[in-house]
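In the block that follows, a single chain appears as structure tokens, in the form predicted alone.
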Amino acid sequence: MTQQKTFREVIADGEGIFQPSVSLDCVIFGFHENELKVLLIKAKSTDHWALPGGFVFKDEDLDDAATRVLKERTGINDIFLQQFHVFGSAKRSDWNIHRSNFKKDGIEIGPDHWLLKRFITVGYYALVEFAHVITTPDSSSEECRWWDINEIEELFMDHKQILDKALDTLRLQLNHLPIGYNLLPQKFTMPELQKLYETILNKTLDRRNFQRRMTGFGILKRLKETRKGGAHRAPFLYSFDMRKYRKALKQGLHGGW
């Protein structure tokens, strides 16, 4: 695979090494202090925050490109990754703004430059454990950090639309896929798991019904350990039964929240 290029090399040589008119954008979700987070970058050529993304090398599979981008941003190899939508609006980008932003960095590009052609982008969402992520800007960005999803009002180009679609997809998939292994620590309590679901769904769930349903899936193992230090009776810790969890990812779960 072609090695990572600098920002100026991408602009100058990109047409020869990347698949024309195809890009990808990644919505990276994390869960921290009972808040759903999303990883955003601030590019050098713009004042707006954006989703991590990139281009696809001509000798690279699309899923491999998404995995590469996520590895570069988070430092994690084992990532739950899901392709969820293709965004192809003819007006999804304003090329005059792009040219103006590049000019701020002292980079002049003509109207026929490959970056000013129409791009169709493939959306992926990823679930990662917040504590394991090393946020890493690349050569084209000056900052990379987590944002509370409720604080995000405006993003670069159509990235807010992409983020909203990813969140809608995640909420829908909670009805038939297990969620939690990639977002929680290895050991967690049932209230912590419930809070994760409630945060994603943005609604309150009945405690008894939630516990009954989650244990009924057969994907959890109750440990002998308890969570110490709380004001109330120490709750038992759980972990995921990974064999059954992976089976549920393939075959799905039944019912809805």
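Predicted model, so just to flag it, every value in this text is computed and none were measured. Just count from 1 along the sequence shown to find any residue number.
Missing here is the form predicted together with a further copy of the same chain; even so, the following discussion is about that form.
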item	value
Option touching a further copy of the same chain, based on a heavy atom within 4.5 Å in the predicted complex, out of Met190, Leu36, Ala43, Leu205	Leu205
Answer option from Leu116, Leu174, Leu155, Ile79, heavy atom within 4.5 Å of a further copy of the same chain in the predicted complex	Leu174
Heavy atom of Pro20 within 4.5 Å of a further copy of the same chain in the predicted complex	yes
Contact label in the predicted complex: Ala131 to a further copy of the same chain, heavy atom within 4.5 Å	no
4.5 angstroms heavy atom contact with a further copy of the same chain in the predicted complex for Met214	yes
is_contact(Ile200, a further copy of the same chain) in the predicted complex, heavy atom dist at most 4.5 Å	no
Stretch in contact in the predicted complex with a further copy of the same chain, which is absent here, among 220 to 228, 46 to 54, 28 to 36, 206 to 214 (heavy atoms within 4.5 Å)	206 to 214
Contacts with a further copy of the same chain in the predicted complex, stretch 52 to 90 (heavy atom within 4.5 Å)	Val56, Phe57, Lys58, Asp59, Glu60, Asp61, Leu62, Gln83, His85, Val86, Gly88, Ser89, Ala90
